[in-house]
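Following this are structure 1 and structure 2, which are two forms of one protein chain, each written alone as structure tokens.
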Structure 1
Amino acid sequence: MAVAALEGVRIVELGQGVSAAFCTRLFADYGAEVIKIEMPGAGDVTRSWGPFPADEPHLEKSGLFFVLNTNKRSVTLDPSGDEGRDLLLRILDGADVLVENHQPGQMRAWGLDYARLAERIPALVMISITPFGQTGPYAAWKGCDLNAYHLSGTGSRYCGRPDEAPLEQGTFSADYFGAYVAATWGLASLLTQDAERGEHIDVSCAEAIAALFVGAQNIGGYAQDGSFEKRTGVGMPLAAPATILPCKDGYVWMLALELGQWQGLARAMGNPDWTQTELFQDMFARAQHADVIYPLLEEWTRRHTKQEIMDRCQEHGCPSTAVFTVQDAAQHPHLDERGFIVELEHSVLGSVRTLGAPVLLPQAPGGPRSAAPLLGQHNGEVYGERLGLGEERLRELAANGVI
């Protein structure tokens, strides 16, 4: 049986919401042991966010929590007091990585900032994921995914019409991208880790979004000559075809800019006479006559399904594609065959379909193996078996609200 790529790596997650949980799930997907610290009673805030079956809130039935926390162990612990902090430190004594997403001031107030942790555990890699980072004027500000996203300028660049207000971003974009950056550099730090020196990795979700969404093309252009791009609405105004059109069962993104792509699209449509017009052999000229071209394209797209259009375009060298819905993606045979859709058994939810590992490692396969844990499900294992606390002590800690 293949050994998981990160087997033997121990991670402790101390966080709330999306960014810390998704970061540690990426480690857990490939075999790392993740102990998730949750506050007694309520647990991680995503347990209350849903979505829930039949829209009925339940701590153990949140779809978001399920997806973010497969392959993990859950223990309840309040680190705000001396007893709770001491228990957390004992858990950290056996860990390689701590992932957290609290405000820097909160970690200092708990006595869990990197400077103090490094004195006790010199080799610890601590990953801090926050909206604005550990330093700078906004470091102490309260923020969330929304604040980080818009600090980057991405709201102005995407999405919406240029002469109207921007549209809201995709849910938790900054948190998810920040988590990917954190996991990448956390793994890099682990590869260079030694017994004498750990590292504090400071991830700003705003900066991750600025680099990955807005990118050097926009920021670099502004640095050079003060110019930058803004949202353009649907499609591309300077070249055509590049827009979304309706079809028989939804929508397709029609993109065929280069001459070879345009000719491929023409063949996919059966080479109608209007596609052979000399004027339309240039993508910029096509954009100037988009009011003529787009209705003609739509007349064709409406006669076919999005899969038929994508198949024909693929056959003829045109990158146009179906616009798949979430339902389409969840049922798509390509993703299913690659093992990206996984079915797991949960003691409360029953059988649940969820997302597999985003990267395939044939020699060390990863992905969800166990469902998201119940709140405090592994208290007995971690506190009793690992830390050696007896049942009477555990009852006392629970009665005092520590666990």
Structure 2
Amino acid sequence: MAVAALEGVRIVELGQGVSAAFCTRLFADYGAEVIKIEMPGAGDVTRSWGPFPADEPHLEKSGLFFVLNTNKRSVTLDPSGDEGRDLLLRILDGADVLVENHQPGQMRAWGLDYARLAERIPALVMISITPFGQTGPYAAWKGCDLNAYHLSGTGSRYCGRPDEAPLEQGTFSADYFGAYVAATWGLASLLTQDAERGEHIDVSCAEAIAALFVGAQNIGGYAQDGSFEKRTGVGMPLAAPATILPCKDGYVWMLALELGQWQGLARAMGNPDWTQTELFQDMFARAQHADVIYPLLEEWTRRHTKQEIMDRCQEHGCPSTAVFTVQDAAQHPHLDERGFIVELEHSVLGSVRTLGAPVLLPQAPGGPRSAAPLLGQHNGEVYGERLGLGEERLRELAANGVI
């Protein structure tokens, strides 16, 4: 079997929550070794967030923790005292990358800010993923995914009804987005020649989305013309149909813009007379009459299942799709055939189905191979075998609450 793309790369994660953990999982999926540093006692906060089987909280049974932390090693360590910090520095001595997502002030308080780390380990790549970033007036603000997401303008511009609150997408969108960006920059940094290695990468989740998503499509126009738009709650207001409609067993994303797509949709519906109206052959004109067209479409969608509608539309060159529920997606034969859903054995949870890697490399293995670690599962291996600490010293550190 070929060697994994990132075999030999050593990552240390000092994080809480989603962004840092997902970033290092992207490395771990492709063979990097990830040592996850967790606070003694409670560990990563996602261990307490669930979801749990039968909703019974248990530090070793969180689904979110599991899906974010496959392939990793866990050691417990409290970096707030001298002993803890020294131990962490010794772990970092052998690392290529540190991924962290604490408030900048917290890292300084621990003596783990980039300036100090770079002095000791010049070749270290430090990746900081925070809601707001390391600089700027909000750098010292407390924040979570929701704050970062809505500071990006995404909700106000694109998600929600006009007279109601702007919406997150129902997940940790900003954390995931920032983590992908951070992993990309980190992976590039590791390609530099050894003598050029070492840098601090500062990712603000809010900024990444504000720039790449909302900014890209809106800022140029606003700066030039002084006007801007907001969410409509409908879909694409300029052209139609481009909206989500209810059907017999759920919802469909109804899209038919170019003429061929519209004609395809008409055929899929059996060419009812109203679709042949001259006026309705243009996507912008259709949008002007969305109040007529959407109810007529809904009359048809209500009579069919999301899968029937998707199949018929796709067959006729119309790109409409079923709005998959989580169950539809989780059980889809397509993802099974691609090996995307992976089953792993966990010593407390038993057999667990989890998400595979986002990118398929034909030349190298990838994806989850081992279950998420138990809290401190690898203390012996990392502190004992790697750092050479004796059993007595380990007991002492444990007694002092350091590990």
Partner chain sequence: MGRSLPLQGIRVANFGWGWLGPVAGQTLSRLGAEVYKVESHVRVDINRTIPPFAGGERDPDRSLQNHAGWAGNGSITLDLKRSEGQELALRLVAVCDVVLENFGPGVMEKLGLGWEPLRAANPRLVMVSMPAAGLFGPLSSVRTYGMSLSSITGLDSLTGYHGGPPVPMENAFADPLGGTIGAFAALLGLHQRRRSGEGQHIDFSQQEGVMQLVGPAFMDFTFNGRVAGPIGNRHPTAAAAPHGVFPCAGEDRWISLAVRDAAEWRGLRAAMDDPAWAEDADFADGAARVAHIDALHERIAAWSRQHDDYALARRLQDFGVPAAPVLNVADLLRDPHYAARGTFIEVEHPLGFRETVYGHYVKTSRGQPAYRPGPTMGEDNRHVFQELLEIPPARFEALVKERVIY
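These figures come from a predicted structure and were not determined experimentally. Here, a residue number simply tells you its place in the sequence of structure 1, counted from 1. We call the rigid core the largest set of C-alpha positions that still match within 1.5 Å between the two forms.
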Response to the item:
Here the form predicted together with the partner chain is displayed as structure 2
Fill in: Threshold 2 Å Cα movement between the two structures at residue 286, rigid core reference
yes
Discussion item. Does residue 85 move appreciably between the two structures, meaning a CA displacement of 2 Å or more on the superposed rigid core?
Written reply: no
Worksheet item: When you overlay the rigid core, is the Cα of residue 301 off by 2 Å or more between the two structures?
Response: yes
